[in-house]
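In structure tokens, the next block holds one chain alone, the form predicted alone.
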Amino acid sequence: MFGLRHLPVPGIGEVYFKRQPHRITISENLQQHYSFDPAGRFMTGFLNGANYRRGLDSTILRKQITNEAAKACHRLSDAEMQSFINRIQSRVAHISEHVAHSDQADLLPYLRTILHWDYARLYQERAAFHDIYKPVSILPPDQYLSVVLQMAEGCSWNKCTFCTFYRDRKFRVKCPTDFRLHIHKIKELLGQAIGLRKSIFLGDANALVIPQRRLLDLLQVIHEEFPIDAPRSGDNYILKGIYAFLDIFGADRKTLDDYRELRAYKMKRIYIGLETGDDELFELLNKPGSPQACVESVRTIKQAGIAVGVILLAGAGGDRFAVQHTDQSIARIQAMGLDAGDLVYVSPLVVSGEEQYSQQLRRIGARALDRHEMQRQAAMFKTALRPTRTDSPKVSPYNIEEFIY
């Protein structure tokens, strides 16, 4: 580990190098930055006013602030990715030439690991990723740096009218043997970069719906394979707890004792998509359970000592449901007894216009909210639910268009 170094490089200026336990960062004049994992794979960058982030499948997402102070997100095409990676590699190669003839030549091994990961090799990671994972469709924002374990694939409900995330797969629960093999492949893919990961997330949509005894057997496999909350001999990283989605009808099936068992297995937070607190709109979305059942399940989960993340959809129901969606959702959230360990996510509804939900909206003569109306509704949620005490939950945006894993 070499901490922070810097070196003048002709044609660039002052170049800074920072080596951390699981990351290498290069900064040009403290204005443009790019970082790499311990194997040398590109991770993140800030170049020419845009942020770049590479997913494990080598998808690269570019985010940039537009003239309207909004974020424009774009997934690079293969050609754009090749051009971008070639540009990074060219700059690192230029820097390496000057490092080699300086008094800081000990940096060369780190730079060579970066140059090893050209576009072709990064592209090959895509095949390795898809050999291990079904598409990782979505995660809560605080879990973007988790180790996703697809204990179950798909969604056991898979009938919500607005959601198409899991239409491409049947719900399937892995047996312990297959699950352990899945974990071993993930460890091989991540390598030393596993130290960048913060926690475990159980995929896909509602893994906790698995019957309790079978679920605990699979959680035991996780504890045998990973250091959770405490160091373990032979590992130089610690993962801080286990997290997962759970749908409302699945939550309703579990007892207080079930949740206490999950807490004993280091379950730290459970995320539930309430989407709306309004009964009529809830039915139009074809969500399982009910808003009141969600309130009761959240209170039970919290009684067991597990935090929750509750998700609301800004824009759901369009203009026809706007008032009741806002009022009833706020009322349901306020009835849950949330505290500082909990999260409320407000996610703008993103639909193509062809889903069953959009067709239903048109049939009842409702108009979808435009972006500005959605932003206003999201602001209303945030204002009403904004922490007023030190023990209030955090209210945060959740933009699914910004997600890659």
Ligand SMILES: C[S@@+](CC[C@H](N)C(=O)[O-])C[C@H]1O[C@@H](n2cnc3c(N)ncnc32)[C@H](O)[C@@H]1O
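Not measured: the values here are computed from a predicted model. Start at 1 with the first residue shown and count on from there.
As for the form predicted together with the named molecule, it is not shown, yet the points below apply to it.
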Original post:
If you check in the predicted complex, do 144, 196 and 238 all have a non-hydrogen atom within 4.5 Å of the named molecule?
Top reply: no
Subject >> Heavy atom within 4.5 Å of the named molecule in the predicted complex - the one residue of 216, 138, 190, 173 that qualifies >> reply: 138
Subject >> The unique member of 245, 321, 226, 117 whose heavy atoms fall within 4.5 Å of the named molecule in the predicted complex >> reply: 245
Subject >> residue 259: touches the named molecule in the predicted complex, heavy atom cutoff 4.5 angstroms >> reply: no
**OP:** Mark residue 56 yes when one of its heavy atoms lies within 4.5 Å of a heavy atom of the named molecule in the predicted complex, and no otherwise.
**Re:** no
**OP:** Please check if residue 275 has a heavy atom lying within 4.5 Å of any heavy atom of the named molecule in the predicted complex.
**Re:** yes
**OP:** Give a yes/no on whether residue 165 approaches the named molecule to within 4.5 Å in the predicted complex, heavy atoms considered.
**Re:** yes
**OP:** Have a look at 347 to 355, 58 to 66, 364 to 372, 32 to 40 and name the one stretch with heavy atoms inside 4.5 Å of the named molecule in the predicted complex.
**Re:** 347 to 355
Original post:
What residues of 277 to 292, in sequence order, lie within 4.5 Å of the named molecule in the predicted complex by heavy atom?
Top reply: 287
